[in-house]
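Here we start with a single chain on its own, the form predicted on its own, put down as structure tokens.
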Amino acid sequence: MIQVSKESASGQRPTLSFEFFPPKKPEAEPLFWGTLERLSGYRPDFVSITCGAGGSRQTGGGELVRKVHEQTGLHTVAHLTCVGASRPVLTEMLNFYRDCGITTLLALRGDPPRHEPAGTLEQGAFRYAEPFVAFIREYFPAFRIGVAAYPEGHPETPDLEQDQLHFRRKVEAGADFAVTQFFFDNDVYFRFTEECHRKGVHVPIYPGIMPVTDFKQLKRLSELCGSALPQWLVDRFAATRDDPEAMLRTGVSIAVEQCRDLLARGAPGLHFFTLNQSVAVPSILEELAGEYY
């Protein structure tokens, strides 16, 4: 398990982690760093930084990973996608992270950029995350490797059984832990993890939590990643569409309920998709303070 703080290392609290994305414009950088600084006060076990899809386009994200690691001292996890990237490019990035002192990666297939021609997946060294994980494990064995998990199934996978098989193969290839796509039905997560345990997969699977602050944005994200929006969730936001403050309060309340239930039922920790925002996650953690964090 990825553990940094004394509390989590001694088993006294569940793992806590945050995900950020590189600012797309210079004017967005103060928000990124401000959010990172605020959330670092909760002593996360790790923070992860996403990257753009495809080969050398990841270099900017790599520089941000380095800066976060060097300037904050936080356990910084680099996302690394293999889609459309050659072995030399991926090897260069892996050497870069190793030399920077990064010890943990999230190894992902990634999505091909929209402007790239069809067949981008075929042009890269690895079409899927499984052989990419195996490559890292063989040639860069010192890295701890995380992978993605999809409790509701990956949008491109025909059924949950096939998705479970793909996940198990990633673990068998050398993954140490997993972070799930966001979901709102906790039973889906526990069915997934129980099936993993039944099949002999026992790596930590951290549930991904998406605090809802913008319901329209959430709908777009759910369509892209295949995460279901239960009717009860839609109904609870129905009266908040034109009231941002009410939407935030509702989103925080839902996330607190979800997190409490996940931790009470044995989830190993929480991984928050922050979207570089500094309001929702602190509000959620303040509600959980004294119980788990």
Ligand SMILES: Cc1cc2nc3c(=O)[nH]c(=O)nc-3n(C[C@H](O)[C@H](O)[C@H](O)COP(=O)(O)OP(=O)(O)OC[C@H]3O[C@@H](n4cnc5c(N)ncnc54)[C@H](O)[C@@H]3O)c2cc1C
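Quick caveat, the model's predicted, so the values are computed rather than measured. From 1 onward, residues are counted along the sequence shown.
One more form of this protein should be noted, the form predicted together with the named molecule, which is absent from this view; the next part is about it.
Novice: Please tell me whether any heavy atom belonging to Phe140 falls inside 4.5 Å of a heavy atom of the named molecule, as the geometry stands in the predicted bound form.
Specialist: Residue-level check for Phe140: no, no contact with the named molecule.
Novice: Does Asn186 reach the named molecule in the predicted bound form, with heavy atoms at most 4.5 Å apart?
Specialist: Heavy-atom contact with the named molecule at 4.5 Å: absent for Asn186.
Novice: Taking any heavy atom pair closer than or equal to 4.5 Å as contact, tell me whether Phe190 reaches the named molecule in the predicted bound form.
Specialist: Contact check for Phe190: no, nothing within 4.5 Å of the named molecule in the predicted bound form.
Novice: Residue-level question: is Phe18 within 4.5 Å of the named molecule in the predicted bound form, judged on heavy atoms?
Specialist: Phe18: no contact with the named molecule in the predicted bound form.
Novice: What is the one choice in Thr104, Thr157, Thr72, Thr91 with a heavy atom within 4.5 Å of the named molecule in the predicted bound form?
Specialist: By the 4.5 Å criterion, the partner-contacting residue is Thr157.
Novice: Though the named molecule is not shown, can you say which of Leu108, Ile205, Leu218, Ile136 has a heavy atom within 4.5 Å of it in the predicted bound form?
Specialist: Only one option qualifies, and that one is Leu108.
Novice: At 4.5 Å by heavy atoms, is each residue in Cys51, Thr81 and Tyr128 next to the named molecule in the predicted bound form?
Specialist: Heavy-atom distance to the named molecule in the predicted bound form: all three under 4.5 Å.
Novice: Based on heavy atom distances of 4.5 Å or less, which listed stretch (145-153, 210-218, 191-199, 91-99) is in contact with the named molecule in the predicted bound form?
Specialist: Contact criterion met by 145-153 only.
Novice: Scan 167-188 and note down the residues that get a heavy atom within 4.5 Å of the named molecule in the predicted bound form; none is a fine answer too.
Specialist: Sequence-ordered list: Lys170, Val179, Thr180, Gln181.
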